[in-house]
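Next comes just one chain, in structure tokens: the form predicted on its own.
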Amino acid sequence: MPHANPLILLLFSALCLDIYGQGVTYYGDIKPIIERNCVSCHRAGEVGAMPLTSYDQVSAYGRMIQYVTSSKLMPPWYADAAYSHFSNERVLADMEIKTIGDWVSAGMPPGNIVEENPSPDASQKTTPQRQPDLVISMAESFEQYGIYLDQYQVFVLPTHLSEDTWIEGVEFVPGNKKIVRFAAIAIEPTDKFDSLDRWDPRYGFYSFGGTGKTTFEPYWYTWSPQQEATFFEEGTAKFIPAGGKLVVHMHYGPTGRPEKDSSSIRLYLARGKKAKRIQTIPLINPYTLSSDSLFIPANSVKTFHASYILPYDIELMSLTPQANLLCRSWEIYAKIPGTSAPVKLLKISDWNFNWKQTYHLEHPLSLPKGTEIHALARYDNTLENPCNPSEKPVDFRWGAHLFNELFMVHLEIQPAHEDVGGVHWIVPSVVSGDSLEALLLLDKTHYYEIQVCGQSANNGKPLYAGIFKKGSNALSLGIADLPGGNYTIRAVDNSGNLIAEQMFVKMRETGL
């Protein structure tokens, strides 16, 4: 059999490479990928540093796009897609990453030119079909002062609500999409943040790792770029107590030049509807650690584990892990009674403080009473960690400041079943101080005994007992003797039947 001519083989290989390179084009292959995954942020007026809405723009940054997609720096999604999936995830498939790389290697051919404008699906947001009932805006514009650095500022926005209010929809509207990277809204009915507001001469007050104090409900709502209005499932709602304030923790990204922001929140009220309360609770916290405390010595790498056993059935809707700069990874899973395989909830192999995120489950997950929620987080307090804020590592302890660390997982949950007996709790997610102020809403007249359970609370004795009538009943429970940790408050009728229960966490005012 005659041997093939090497020159012919070389020419044939070159021809195949040329044909393949021309087969991957901007208009035929790259433009749809960019529009699905990038254009929503990378277009005029959005948070992306440069627009990517035309061939000239994309090809100018082609090699950079190849690098950030192949290294999975972009799109900025840090959850492991092989571990679990979420409704708000934005992840490029391996084939899409390869297609981008092949296109760049082929010289970024344009292909057959088509309309340059992004498709409607990539640029249009869903507009709510109704007008908001209440719009709450920042009182004044805030000027970004560290134009080359990420910034964190808290704004306390009064709602002026004269009565307890149920919310069935929320929409955060960034005033300046170029700099607003993340917003976490907490609820607080008191004036406890006034002193912090007075401390900072600028509008609002600076706070690095959180709001600076405990709130009635932390992470009541969170927003990240391109998030649309959120309407909760029929029969569920979020709660704002009378006089409640929105405590908005804003993350501003760097731009290289001064920018101003004046954002607002649109609320859609659930008028006249009885609903199960959607509540956000930091059920995973240092009180649930397997070790004694959150302490990370200088020049050490430590992994912390925490777990909590659910006292009643819930439906889990989202997770928001909270940590600072030393954190490198998270793994969160659930162990359901009677099953061997854990339910994988969230895994982050490369935690990035500057891209914090709430991870919304594709569908509410039913977790029965007795389910163990586990979380593991790894912290690197060495110079191998590029995010370490210290030039020479120092010891880190619990706290929300630059040289502190956090270990929290906020779970957005709702009771799996409606409360029976016409009872509904309004209990804070987090409690500080010596008393627990709560509301008990009744449809009937009964005698109820109020119990607080968890750890060694009250040695099993009821914390409080009283007669409550139909309507709204205010409770003030003394909890000065309770150590910090996770608890459940319960209502038991005069026959000893459990009528209603709700979880809360007791913390010190400034954290742990």
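Note that residue numbering begins at 1 and tracks the sequence as displayed. Just so we're clear, the structure is a prediction, and the values are computed from it rather than from any experiment.
From this point on, the text means the form predicted together with a small molecule, which you will not see here.
J.: Where, among 446-454, 481-489, 463-471, 60-68, do residues come within 4.5 Å of the small molecule in the predicted complex by heavy atom distance?
T.: Contact-bearing stretch, as computed: 60-68.
J.: So the small molecule isn't shown here. In the predicted complex, which residue out of P368, G111, P75, P389 has a non-hydrogen atom within 4.5 Å of it?
T.: It is P75 that has a heavy atom within 4.5 Å of the partner.
J.: Using heavy atoms only and a 4.5 Å cut-off, determine which of K213, R328, R181, R277 is in contact with the small molecule in the predicted complex.
T.: None of the others qualify; the residue that does is R181.
J.: Using the partner position in the predicted complex, report whether G175 sits within 4.5 Å of the small molecule, counting heavy atoms only.
T.: No.
J.: Is the gap between P51 and the small molecule in the predicted complex 4.5 Å or less for some heavy atom pair?
T.: It does not: once the small molecule is placed as it appears in the predicted complex, P51 has no heavy atom within 4.5 Å of it.
J.: Can any non-hydrogen atom of R90 be found within 4.5 angstroms of the small molecule in the predicted complex?
T.: Yes - in the predicted complex, heavy atoms of R90 and the small molecule come within 4.5 Å of each other.
J.: I'd like to know if C38 sits close to the small molecule in the predicted complex, meaning any non-hydrogen atom pair within 4.5 angstroms.
T.: Yes, C38 sits close enough to the small molecule in the predicted complex that at least one of its heavy atoms falls within 4.5 Å.
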